[in-house]
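Form predicted on its own, single chain, as structure tokens, below.
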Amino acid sequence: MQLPPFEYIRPTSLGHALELLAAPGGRAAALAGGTDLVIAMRQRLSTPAVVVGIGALPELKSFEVAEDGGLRIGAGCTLTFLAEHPVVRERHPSLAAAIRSVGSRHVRNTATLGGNLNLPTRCWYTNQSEDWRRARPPCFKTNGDICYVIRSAKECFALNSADSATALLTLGARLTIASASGSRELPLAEFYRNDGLAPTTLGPGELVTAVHVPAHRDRTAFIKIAPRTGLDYGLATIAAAVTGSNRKVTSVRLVVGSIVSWPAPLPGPARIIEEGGLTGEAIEAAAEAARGDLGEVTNLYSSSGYKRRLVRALVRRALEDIRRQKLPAREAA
């Protein structure tokens, strides 16, 4: 499929890029790695008049380690760079695992962290060629008034499949978001919405420029289930972070991805572990409780019943993985 016509501009600075993205009409799109945007353009899901090439901007390539061990990661850092960076692998193993799970090595070589966090939602109807979609009336994502996933729905139920988001959410990450009018910081937990049509709070002309990962002493885990490793989006992912010992847990964060329209937190199972510790009984109770936090689950790419069973199994596996891990030195003391 050929790309639609567009003008390509390579800005000389981040400020220049933000000015271009602020053009009236929202017809400009940022391109860094292009692993998603180019495909969307070929499918005519995105038809920007101007493509702003930001992949070479040094302001987006920074990687800084704070004195306390926290990280500031430029949104333009490639996934391969992050997955192989010794600091990420040593201090944030769940994030490294989540990043390694994205696509193939060829994809990770060009895909960026900012692009993965802002990955558009997808479904079996929308993510097809324009000719294929023309055989049916348009859905919510293509300016229609129907959801082919849930016919009775009044909103879009396309899936969020951003693997890095689940791990970063459990780590308490924050974003720097910039536009031509200034910048702001936002917790990653406030970036996503459970809305397949408008899955993030990113405004017109805004760009994620950096990701801040605080220092932590949690035990963490990340698991992804996909039909073919390195080729397919996940059927489900889970990230977990636990502070404290197995007997005395002080905090738990559980987030699942590729199940609904956002990286979904699981507060119910987290409370069970905080109250009962990482015992076999509490882990089993948390796994059973996970279904209650998911809300309405679609049949996108696998049946809703299978997804619920899969989430239950992933909660169990992630928590058992963390229970087997060594305590950080301070917690062990």
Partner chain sequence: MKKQFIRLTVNGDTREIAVAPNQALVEVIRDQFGLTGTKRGCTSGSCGVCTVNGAPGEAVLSCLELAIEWDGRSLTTIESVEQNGQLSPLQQAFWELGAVQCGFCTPGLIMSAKALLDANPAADAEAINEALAGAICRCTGHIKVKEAVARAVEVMAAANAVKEGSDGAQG
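Positions refer to the first chain, counted from 1. Everything numeric here is computed off the predicted structure, so don't read it as measured data.
Keep in mind the form predicted together with its partner chain is missing from the figure; the text below concerns it.
Peer 1: Can you say which of 210 to 218, 183 to 191, 147 to 155, 109 to 117 gets within 4.5 Å of its partner chain in the model of the complex, counting heavy atoms only?
Peer 2: Looking at the other structure, the answer is 109 to 117.
Peer 1: Using a 4.5 Å heavy atom cut-off, state whether R312 contacts its partner chain in the model of the complex.
Peer 2: So R312 does not count as contacting its partner chain.
Peer 1: When the contact criterion is heavy atoms within 4.5 Å, does R10 count as touching its partner chain in the model of the complex?
Peer 2: Because a heavy atom of R10 falls inside 4.5 Å of its partner chain in the model of the complex, the answer is yes.
Peer 1: Report whether the minimum heavy atom distance between P328 and its partner chain in the model of the complex is within 4.5 Å.
Peer 2: No.
Peer 1: Taking its partner chain as it sits in the model of the complex, is R105 near enough to touch it, meaning that at least one heavy atom pair lies within 4.5 angstroms?
Peer 2: Taking the distances in the model of the complex, the answer for R105 is yes, it comes within 4.5 Å of its partner chain.
Peer 1: Which residue, G70, P48, G53, G268, has a heavy atom that falls within 4.5 Å of its partner chain in the model of the complex?
Peer 2: Among G70, P48, G53, G268, a heavy atom within 4.5 Å of its partner chain in the model of the complex occurs only for G53.
Peer 1: Using a 4.5 Å heavy atom cut-off, which residue among L31, A282, A289, L294 comes into contact with its partner chain in the model of the complex?
Peer 2: It is L31 that has a heavy atom within 4.5 Å of the partner.
Peer 1: Could you list the residues in 1 to 17 that come within 4.5 Å of its partner chain in the model of the complex, counting only heavy atoms and keeping sequence order?
Peer 2: If the 4.5 Å heavy-atom criterion is applied to its partner chain in the model of the complex, 1 to 17 yields M1, Q2, L3, P4, P5, F6, E7, Y8, R10.
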